[in-house]
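Shown below, as structure tokens, is a lone chain in the form predicted alone; questions about how it binds or moves come after it.
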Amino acid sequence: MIRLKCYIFLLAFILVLTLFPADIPAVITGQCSECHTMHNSQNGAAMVSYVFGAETTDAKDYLLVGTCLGCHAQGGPSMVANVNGINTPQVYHTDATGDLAGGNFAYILGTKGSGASDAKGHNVVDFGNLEDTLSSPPGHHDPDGIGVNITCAGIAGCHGVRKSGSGIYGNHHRNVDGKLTTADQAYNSYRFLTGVKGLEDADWEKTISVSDHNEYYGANTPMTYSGNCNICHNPSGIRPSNNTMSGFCGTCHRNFHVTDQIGGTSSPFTRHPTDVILPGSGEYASYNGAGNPYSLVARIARTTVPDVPGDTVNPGTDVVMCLSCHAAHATDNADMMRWNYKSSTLSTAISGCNVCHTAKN
């Protein structure tokens, strides 16, 4: 009888999994020891972890074998590294074949590219890369007193839960991959950017093409700052009220991304607009040439997160966003731009601009 009851329970459990698969998140897999240590020893020797390219055996929070940089910024020759048996995206590397979607902090430090420069990306404390020029984030919005020296995660970072005493803790265990449209927690948000919706490329854009890339969520109207900071800054953590990538950037760089500072939703604009529809008429109708193929230089966002990456763009429907022009971490160009807009050669300087502004070609 006991065995029969066990079988019935097992069948019932399998039925629940079958009927409600969407409620079961795709969590990280593998042995605990791939990321954690119990005694910091193996075969009588201390466990070795990597922090910013250096071998260390010191204690880490949560018994981890490495910090954020220890896993994701090893400084090696590949943009995806094998860390304890796990393929791990690298935000700091010297791979000559390219970079992942977020860019590469190596350009700031000069270990890759045309030379070191703070202006090439976000200044992250974890790299020892302290800001010595700016006193506040560009866009002048810092109600939480974060300042300009940011971290990978936590209230002064981008990833995880952005509130005091929180961070990325626990989110790798519950991580949901792929199409993310709930975005009410860090683990079910695009790339652990709490509140952001989108479609994640499976290999972080190591292989990339017109039909193989991330998809970003956008809105047809930018956020409006009404004087109430609690719309984005509240006890549950800092997050965009509209779930867009541009809205997320606007939680620090407000003046670049809210209606009253941009100048509205139609020309003339005070600043280049984001979270506005790419016009379907005039020069914009010819986005990236005949057939409007998706541009990997001047990207767009979608007002509905698609199931698979799209290989074309729809002027009149798709959205201009921050990442149309910038990368999130760093590039080899000033201001994290996707192309060298400071080039003395005009065709190079406008090579990204004229993807949308085709009459300037």
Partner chain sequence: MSRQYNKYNIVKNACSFRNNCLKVMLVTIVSVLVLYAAYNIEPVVAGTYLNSAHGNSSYGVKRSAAGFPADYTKGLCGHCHEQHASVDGSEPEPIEGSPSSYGLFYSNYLNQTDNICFQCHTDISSYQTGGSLVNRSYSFRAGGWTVDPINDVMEAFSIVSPGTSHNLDDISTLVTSKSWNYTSDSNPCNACHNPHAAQGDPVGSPNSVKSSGTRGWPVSRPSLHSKDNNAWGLWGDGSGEKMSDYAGLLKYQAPYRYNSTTTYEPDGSTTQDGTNLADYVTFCTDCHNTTNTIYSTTLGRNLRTINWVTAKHGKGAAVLDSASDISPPYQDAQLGNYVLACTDCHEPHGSSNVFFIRGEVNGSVPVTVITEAGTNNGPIGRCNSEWTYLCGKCHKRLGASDGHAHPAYIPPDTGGCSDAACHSGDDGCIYTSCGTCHYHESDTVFGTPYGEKLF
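Numbering follows the first chain given and starts at 1. Computed from a predicted model, the values in this text were never measured in an experiment.
Below: the form predicted together with its partner chain, not depicted.
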4.5 Å heavy atom contact, T133 to its partner chain in the predicted bound form: yes
Partner proximity in the predicted bound form: Y50 to its partner chain, non-hydrogen atom cutoff 4.5 Å: no
Any non-hydrogen atom of H233 within 4.5 angstroms of its partner chain in the predicted bound form: no
Contact flag, P138 vs its partner chain in the predicted bound form, heavy atom cut 4.5 Å: yes
Contacting member of V148, V80, V210, A116, with respect to its partner chain in the predicted bound form [4.5 Å, heavy atom]: V210
Residue stretch of 219-227, 167-175, 277-285, 69-77 approaching its partner chain in the predicted bound form, non-hydrogen atom distance within 4.5 Å: 277-285
All of Q261, L296 and N361 with a heavy atom within 4.5 Å of its partner chain in the predicted bound form: yes
Any residue of 326-343 that, in the predicted bound form, places a heavy atom within 4.5 Å of its partner chain: H326, D335, Y341, K342, S343
